[in-house]
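Shown below, as structure tokens, is a lone chain in the form predicted on its own; questions about how it binds or moves come after it.
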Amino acid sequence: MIQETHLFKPFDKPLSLVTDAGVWNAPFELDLPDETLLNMYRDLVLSRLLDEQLGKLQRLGKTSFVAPNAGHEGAHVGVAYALRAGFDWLFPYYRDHGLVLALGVPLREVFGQTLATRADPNKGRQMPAHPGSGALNVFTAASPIASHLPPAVGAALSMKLRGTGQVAVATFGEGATSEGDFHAAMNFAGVQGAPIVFVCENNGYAISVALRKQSGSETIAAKAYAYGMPGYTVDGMDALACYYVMQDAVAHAREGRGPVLVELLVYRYGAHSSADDDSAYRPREEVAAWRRRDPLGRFRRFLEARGLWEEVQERGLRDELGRTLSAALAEAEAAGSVPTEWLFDDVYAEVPDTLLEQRESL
């Protein structure tokens, strides 16, 4: 088993297990059942279709902001399948809809959070693209870059002290590595041996700033060694490579061997957000080149090569997921707008008189 042998070691080049043509090219036998592989592909497609739907909602004026995640799906599914959903903790960033979906966060809640309806467990208090789930141990995403990393280490340290056997996973873009919170979190985790896996979804651009302009390191993973932990660089467009490396990294942390930094090389096909014009800083040829390495296409070719997938199944899956998305969206919209008075809930266990007066005035 991968988690027992710790097969993976730090690599000088991105680790990949499936070629762009969909051929299994790993130094070990695939040990995932067909059902799991098909479920992984379903989650890949669902994430892509959700991304498209969220973009439509923004253009229709139903939500104010989207952070496209098309191109990140392989990383998201690989990370999710390496965790114990509802047991381990995830500290995500705002481009992680595919990840939280694969962990089991309901579509109704994702749409509710996007539209700020009563279907949102966070009561419409976060800007769109900030999912979270108390039921599934998904810390609500935060807007300030890298601000969730020190709390993630603190949570992981509490797991270590209490001996729960849990692991924290914190995801972020490569732009977060330019923030002081990233370095403070890495140092704290390394010193304390916290059971946490830092996952950098490196898509090459911190909004419009290319990686070479914000870091002198050849890779993000190389930063791990300064803090006393292993670092991996992985082809993030290869969902199975992401899964197996994350499985190993999570096992490393769970066994009390300390933190790990995993760099997943991905690419966002869309702009940084709905407020960004990416044509101003990256050529269309670059985007087209990365689209040819699409994680969905690669995984589909992998399934086809194993006799597990064909065109009729593809059409059926997309039709089914389209209906699922439409039903969840309708349910989230039907839940109704968030009442303004909810603003005062969940702030204090005992509401002080000043807030009571403000609520009555409102």
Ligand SMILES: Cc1ncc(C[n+]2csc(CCOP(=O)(O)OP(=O)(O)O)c2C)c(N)n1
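Note that this is a predicted model, so its numbers are computed, not measured. For every residue, the number given is its place in the sequence shown, counted from 1.
Another form exists, predicted together with this ligand; not displayed. Remarks below refer to it.
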With this ligand left out here, work out from 131-139, 186-194, 200-208, 152-160 which stretch has heavy atoms within 4.5 Å of it in the model of the complex.
200-208
Among Val77, Ala170, Val250, Ala176, which has any heavy atom within 4.5 Å of this ligand in the model of the complex?
Ala176
Identify, from the list Ala224, Leu115, Ile145, Leu101, the residue with a heavy atom within 4.5 Å of this ligand in the model of the complex.
Ile145
Tell me, yes or no, whether His97 is in contact with this ligand in the model of the complex, where a contact means a heavy atom of each within 4.5 Å.
no
Should Tyr244 be counted as a contact of this ligand in the model of the complex, where contact means heavy atoms within 4.5 Å?
no
Within a 4.5 Å heavy atom cut-off, is Tyr93 in contact with this ligand in the model of the complex?
yes
Arg108 versus this ligand, in the model of the complex: is there a non-hydrogen atom within 4.5 Å?
no
